[in-house]
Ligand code: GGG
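What follows is one chain in structure tokens, specifically the form predicted on its own.
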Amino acid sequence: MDKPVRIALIPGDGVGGEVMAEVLPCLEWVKSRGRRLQSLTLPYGADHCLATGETLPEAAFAELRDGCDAILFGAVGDPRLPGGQHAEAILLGLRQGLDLTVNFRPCHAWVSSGQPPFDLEVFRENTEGPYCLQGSTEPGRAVDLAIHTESAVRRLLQTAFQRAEQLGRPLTLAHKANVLKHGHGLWMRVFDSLKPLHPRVSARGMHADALLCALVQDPSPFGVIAADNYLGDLISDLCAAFIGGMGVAPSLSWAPHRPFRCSALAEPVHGSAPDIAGKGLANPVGMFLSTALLFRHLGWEPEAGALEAAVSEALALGARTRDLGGTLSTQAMGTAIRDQLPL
């Protein structure tokens, strides 16, 4: 028999634990449907760091890398650790250490925003660019380095081309190669080299500032957008405004070349929101949808589709947290979604 899938749960800080608590019954639900699943909960976050001085110990990272298949992540960030080093060490450490090059952010209009029909996908390189955390601060001068390697760029763009081809939708590369001639010049060269391999994809590069303007005016012509770490972050967060806000935005990061056993990390796009933590105000929809993305990555398509359908049905029936104009608590919203799952 196949080995059980082993998922690590890292609730993290702030509202991370609150939204994760709502999807834990979904793990039991997939097991009731015959999926072989094991999970372990890890304490890494601000509380653990303040108590022990640890962020993500080497032994724990090795266990995640070699002993788990995927990670379900809540959020990190805590005002008691204002420098954010623990958040960088945990989340960015996992992304870079596991080589999770591809960050996938589907933007489907789960909640109507009054905008034109909206359904696009953003593929963001997840390990490099200016988020490589290399730079320096000196008197009167600060430097942040942006690093782009052809291997990471090619993995991200190949994935985006394949997805655009699968969907039959256009692909747009967001860049500023007119100014960032070295880094974004590399992106354009790899992009142009891949075009002939995907003749059915309508592919173009577009200056990121013009792209952002076009998205605000009318997002409907866009299908798949690819970008580096920094631009992809900005673009996907803007797109969240079209689908109901950050509380409903999901993401999945993965390593298409699978260098380790652990090859995926699912997390809602929102942060730890310490200002509302513990008040039952957080929206768990992004976590439910991220969990669905993880199920799909694991090959559990029926369960992924059923979980997304449960979210859609709950919203259609009027279930709303306060950020969506409703009155439901985090827990009540979670219940409303789970009530729509098939037995």
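The first residue of the sequence shown is number 1, and the count goes up from there. As the structure is a computational prediction, the values presented were derived from the model and not from experiment.
One more form of this protein, predicted together with the ligand, exists but is not displayed; see below.
Checked against the ligand in the model of the complex, the residues Ala203, Leu91, Leu72, Val190 give one hit for a heavy atom within 4.5 Å, which is Leu91. Checking Val153, Ile235, Val76, Cys107 for any heavy atom within 4.5 Å of the ligand in the model of the complex turns up a single hit: Val76. A residue is said to contact a partner when one of its heavy atoms sits within 4.5 Å of a partner heavy atom; Leu211 fails this definition for the ligand in the model of the complex, lying far away.
When the ligand is considered in the model of the complex, His270 lines it closely, a heavy atom lying within 4.5 Å. Contact annotation: the ligand lies within 4.5 Å of heavy atoms from the stretch 76-84 in the model of the complex, the single such stretch among 128-136, 76-84, 144-152, 191-199.
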